[in-house]
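First come two forms of one protein chain, each written alone as structure tokens, so that there is a structure 1 and a structure 2.
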Structure 1
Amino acid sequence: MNNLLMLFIFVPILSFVLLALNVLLAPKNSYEAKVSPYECGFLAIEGQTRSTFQIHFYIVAMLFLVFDLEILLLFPLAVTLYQVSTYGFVIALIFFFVLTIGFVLEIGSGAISLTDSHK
């Protein structure tokens, strides 16, 4: 019985109590225009609401994944830098440098800019 266990028990109970209070006590007057999703005034006709998906969103997410992996591999260095002192730091510098090459390539090619700035 420590603090983390009480947190794990208390948070679901609190969220369920709040949801139950909303379901039981809130008034519901729903008609069709209120329940259907809002699309800036357009009616939900297929073809009017979807535009072309730009690939830059996916490129941003995938590059975020790669850099997230790099950050994850830097976490153990952050807690053990005193013990692995100079040697470990140089290893981390080489690791970082190789990934900085990729970062420079990404910025220089303009792969994640939504507007065409390199004509």
Structure 2
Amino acid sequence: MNNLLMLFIFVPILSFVLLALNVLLAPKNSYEAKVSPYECGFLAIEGQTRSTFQIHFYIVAMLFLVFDLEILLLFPLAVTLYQVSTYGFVIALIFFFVLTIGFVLEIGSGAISLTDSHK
């Protein structure tokens, strides 16, 4: 069987079958806590459209995104490491060095802290 045939025919059919099974077999009991919006672990206040949001969650998410994308850039190097030889390895070491410097600067600036300093 061709890989493209598997990708474009079998995968959508399988996903629709699994979704249909979920709709048919899932329990349908809803209660107030289940249908209420979840706001970072804080209880929602009735009638309030905006609430306080700790920016620390956003900063951690952005830092994770940046480091995750930088690590993703190393996957092609890992696949072709034998073809790029020493030059590619030196470039990867420089990349890791710059990545480590950025991580140390973020820890030093207090963007990433393992203790809760907001209390």
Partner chain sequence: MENILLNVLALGTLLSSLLVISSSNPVIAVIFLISVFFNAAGYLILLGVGFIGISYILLYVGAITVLFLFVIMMINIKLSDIVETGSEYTKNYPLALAIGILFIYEINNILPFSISDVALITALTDFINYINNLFLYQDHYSLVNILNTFNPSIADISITSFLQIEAIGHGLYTYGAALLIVCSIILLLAMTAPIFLSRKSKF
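What you see is a predicted model; the values in this text were computed from it and never measured. All residue numbers here follow the sequence of structure 1, with the first residue given the number 1. Heads up, when I say rigid core I mean the largest set of C-alphas that superpose within 1.5 Å between the two forms.
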Between structures 1 and 2, the form predicted on its own corresponds to structure 2
### Query
Can a Cα shift of no less than 2 Å be assigned to V104 between structure 1 and structure 2, given superposition on the rigid core?
no
Core-superposed CA shift of L25 between structure 1 and structure 2, in Å, is 7.3
